[in-house]
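Below, in structure tokens: the form predicted alone, a single chain.
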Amino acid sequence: MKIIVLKFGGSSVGTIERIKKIANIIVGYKKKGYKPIVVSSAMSGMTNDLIRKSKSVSHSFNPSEHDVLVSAGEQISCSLIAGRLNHLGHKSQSWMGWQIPILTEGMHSFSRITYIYKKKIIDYLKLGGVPIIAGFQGLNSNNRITTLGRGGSDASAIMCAKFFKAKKCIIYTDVQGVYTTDPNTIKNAKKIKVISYEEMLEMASLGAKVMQPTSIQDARLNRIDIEVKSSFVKKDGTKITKRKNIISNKIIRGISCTKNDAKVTLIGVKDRPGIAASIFKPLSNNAINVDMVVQNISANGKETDLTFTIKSEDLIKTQKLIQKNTKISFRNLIVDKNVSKVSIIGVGMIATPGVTYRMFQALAKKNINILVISTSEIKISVLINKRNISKAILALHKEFKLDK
């Protein structure tokens, strides 16, 4: 069976007119001989509206009920897509995660798909039907609905492609693919035709909002090629695949930035084995993600200054957790919300000397001070003042000739 997984994001199903348009896209694949499995997000804005409703009811809304509530948006969009396809003369039916079922494990709102039962969907495909599967949701071992986190419909699509052994997995969104940087920030940003899982994972985790990082990781682990394209224009998108499938003369493939970071510095921490773990354990237990970490040890080796970054929305909670942490001792706590992280990404830097120098020199020429640095095999990230973000991206985009 020639199965194709088509995932449509919230903007693609945001209005009735858009739902009619994507129904035509689905029919087009069916006419080409594919057996489409469609995965849909909620209509744009609906999930946020449901979250607002939960907060108006309670400031401590039950996590299990939260997942039941926010997963309702996909039920609406799936039914509307199926209804339109039936109107066009194509047998179609909506399926919620629990009806298939799609099994998950993990915390509510942060679950991961572990297994998808295939029989009902395969039988339906054999009858000529087009199943419309609700993304973002599944069923845990307690028979409760769980959700997969922001952008979780991407993960639903990728895992469907895995379990149903799809020939293709196409993610339809409101952009034409993955760009060298945010085209809203840099007008001459270029669309990338092919990008590796590793590069895309770094870009997604560093602020590129095209796809959810865990979804890219799922695709990489299961070696599922993905195409990201627009549901609004008929143009080729970006293919996400393994490194060896890519031929490129670009050292750096893209530049990402984040705009909701906060820097936290603990001055004069009494240094001893396990102190960093004592600082970060309460943050981990409260689902606060720590990103860049820098430690400076004093000359006498008895004290250390520890700096790390978190999401700005977690800052107040982080401050409270640090201040009531009896396992650590420090002289001062300094926070800064006026920071942003800029990163250059590319597998080409592995074998190319001088990339770090070129990045730092380009920023220095624009009088941009670097606050924190972190690196990986294919990425260099720097923390800078938020007011310099556009200037920094433009300088780096030009330095690494990404506009060519």
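Because the structure is predicted, anything quoted here is derived from the model rather than measured. From 1 onward, residues are counted along the sequence shown.
There is also a form predicted in complex with aspartic acid (ASP); it is not shown, and the following applies to it.
- Within this chain, A42 lines the site of aspartic acid (ASP) in the model of the complex, having a heavy atom no more than 4.5 Å away.
- In the model of the complex, aspartic acid (ASP) stays beyond 4.5 Å of every heavy atom belonging to T309.
- Aspartic acid (ASP) in the model of the complex is not approached by G97, whose heavy atoms all lie more than 4.5 angstroms from it.
- Residue contact check for S153: one or more of its heavy atoms lie within 4.5 Å of aspartic acid (ASP) in the model of the complex.
- Annotated contact segment (heavy atom within 4.5 Å of aspartic acid (ASP) in the model of the complex): 145-153, selected among 126-134, 145-153, 328-336, 99-107.
- Looking at 46-85, the residues that come within 4.5 Å of aspartic acid (ASP) in the model of the complex, counting any heavy atom, are T47, E74.
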